[in-house]
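Here's a solo chain for you in structure tokens, the form predicted on its own.
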Amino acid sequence: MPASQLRVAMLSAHSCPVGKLGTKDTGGMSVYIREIACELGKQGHLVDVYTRVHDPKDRQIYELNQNARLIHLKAGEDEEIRKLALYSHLPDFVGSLEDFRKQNALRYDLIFSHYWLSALAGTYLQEWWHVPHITMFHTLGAVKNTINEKVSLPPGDAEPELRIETERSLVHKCHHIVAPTEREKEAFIRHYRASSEKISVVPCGVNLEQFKVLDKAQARRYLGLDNDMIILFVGRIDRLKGIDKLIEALSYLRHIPRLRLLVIGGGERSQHEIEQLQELAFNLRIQDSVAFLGLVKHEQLPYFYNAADACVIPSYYESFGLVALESLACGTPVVATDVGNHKSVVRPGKTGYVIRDNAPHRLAQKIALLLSRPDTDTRSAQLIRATVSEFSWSNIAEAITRDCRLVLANHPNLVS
């Protein structure tokens, strides 16, 4: 084995990186884990991604790419369960992982966990294996609750105290934290009194081979879309995503002929939320202008981005904002709220607009500005795409590798 090669155990206990994107528990984090694992593998490192069995049909091992594989472990019943329900099954998950490691004579240099449930599992393994533990939370419970209070979301949307207290403990137990933005780093320090020295900021990335500029007319023909003005939303159907505000914004844009909003995301567990949004559109008398397309395969997304005139991200909270990167990589401008890394990704007036909140009239104003511009041709789309070239997964993986090596160098006593 090359001396420079890293052997990484990556943990994604609750969310399968090859699961259906856009469901309640499968979103940008799953994309991140799959892409970073594959890129680290391409760069010569060995990566095993561990998740729980979500379906009896799941094979135990899936080859993701060169040197990267996904391993399903039994933890509770072989079915989809809610995130919090996994908490009581974490001992089974950790035990199954350790059994698999021993049976296959595996040894890892470090642990890279994702989300607080996986980070908790990682604290057991760091003790057993005597290796450093790097974690990435992707969202923070304390931040979500702060936002819930500000926007008066229903009490049922609040994150449980169990998560808050566990996250507070984890930031001190793990050896290093990766935050996707400076804003998220500051949240760790403010809410959980994390040490600034143990947090590095590494942005998320975009697959520039998959998300690329296509001919708009051809993309529309492929999808069976006509020549309407198309606004696109991509993401989970969740109150924090602010989809209701986008639908309300559409009611301010009745003067724009043939304007349609396409909403991608959902799943069976989102049906109640979708029905509420459909009712809102009906009450605003714009139901014919809003289409809920449900889940779309990830490889189909570039066609939707290219077919759209604008992509809108009206979220109350994003830890980073992968959708903006994907849209811009396809040459499609963005209107987004000032959350996550949107201000660093979107160039005002050139590749879109970032607004301070998702007030419908503000969303409508910026959407109208984008739609009033000349239709984006291939050259201008390529110029938009060029603004996110630095966010290639190869660049992000190199930054993560540097973090891993620094952590290993600073914790030589942990290495067996």
Ligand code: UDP
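This one's a predicted model, so the numbers in the text were calculated from it and none came from an experiment. All residue numbers are counted from 1 along the displayed sequence.
One more form of this protein, predicted together with the named molecule, exists but is not displayed; see below.
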Heavy atom within 4.5 Å of the named molecule in the model of the complex - the one residue of 295, 291, 223, 81 that qualifies: 295
Just one of 40, 363, 49, 29 has a heavy atom within 4.5 Å of the named molecule in the model of the complex. Which one? 29
Could you confirm whether residue 310 comes within 4.5 Å of the named molecule in the model of the complex, counting heavy atoms only? no
Contact flag, residue 340 vs the named molecule in the model of the complex, heavy atom cut 4.5 Å: no
Please check if residue 321 has a heavy atom lying within 4.5 Å of any heavy atom of the named molecule in the model of the complex. yes
Considering non-hydrogen atoms and a 4.5 Å limit, does the named molecule approach residue 236 in the model of the complex? yes
Since the chain is shown here on its own, which stretch among 67-75, 281-289, 191-199, 259-267 would lie within 4.5 Å of the named molecule in the model of the complex, judged by heavy atoms? 259-267
Thinking of 241, 301 and 305 as the candidate spot, does the named molecule come within 4.5 Å of a heavy atom on all of them in the model of the complex? yes
